[in-house]
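One chain is shown next in structure tokens, namely the form predicted alone.
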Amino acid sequence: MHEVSIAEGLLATAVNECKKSGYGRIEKVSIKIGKASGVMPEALLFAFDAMKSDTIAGAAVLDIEEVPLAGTCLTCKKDFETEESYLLCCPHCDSSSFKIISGRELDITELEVF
């Protein structure tokens, strides 16, 4: 379960940024996770909650926004978006030539600190 190491990294980054900016408590960590990132949101949330207790993020909420897989077909030139975790061909023309625009991200978007 690689979500444990991801949660560890998210928590360390949030704590470091909070302390570096002179704050002493984290209330919320907001992140974006792409559908094609390979990260299971529920497992990440579980791991984050298990690790945060003895840190300045002990009461923090992990707010997860899932980003759909989106891209542009290089054959028919149409944009597409899907809730699927993977894509083998363009949903418009069945071409296997496409560029992924979003859906792979794993980003901290906001920290609510005090």
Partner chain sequence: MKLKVASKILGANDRLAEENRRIFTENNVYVINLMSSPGAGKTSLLESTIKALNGNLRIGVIEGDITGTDDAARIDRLGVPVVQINTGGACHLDANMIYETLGDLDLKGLDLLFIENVGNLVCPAEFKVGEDLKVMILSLTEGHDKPLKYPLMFQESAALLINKTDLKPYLDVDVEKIRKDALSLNPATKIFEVSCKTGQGIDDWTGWLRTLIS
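All values reported here derive from a predicted model rather than from experimental measurement. Positions refer to the first chain, counted from 1.
Below: the form predicted in complex with the partner chain, not depicted.
Interface residue remark: L106 is counted as part of the site for the partner chain in the predicted complex, having a heavy atom within 4.5 Å.
For the chain shown alone, G58 is not a contact residue for the partner chain in the predicted complex, no non-hydrogen atom being within 4.5 angstroms. Taking non-hydrogen atoms only, I31 approaches the partner chain to within 4.5 angstroms in the predicted complex. Looking at S37, you'd find a heavy atom of it within 4.5 angstroms of the partner chain in the predicted complex.
In the predicted complex, every residue of the candidate spot (H2, I6 and L10) has a heavy atom lying within 4.5 Å of the partner chain. Using a 4.5 Å cut-off on any heavy atom, the residues of 82-114 that reach the partner chain in the predicted complex are, in sequence order, Y86, L88, R104, L106, D107, I108, T109, E110, L111, E112, V113, F114.
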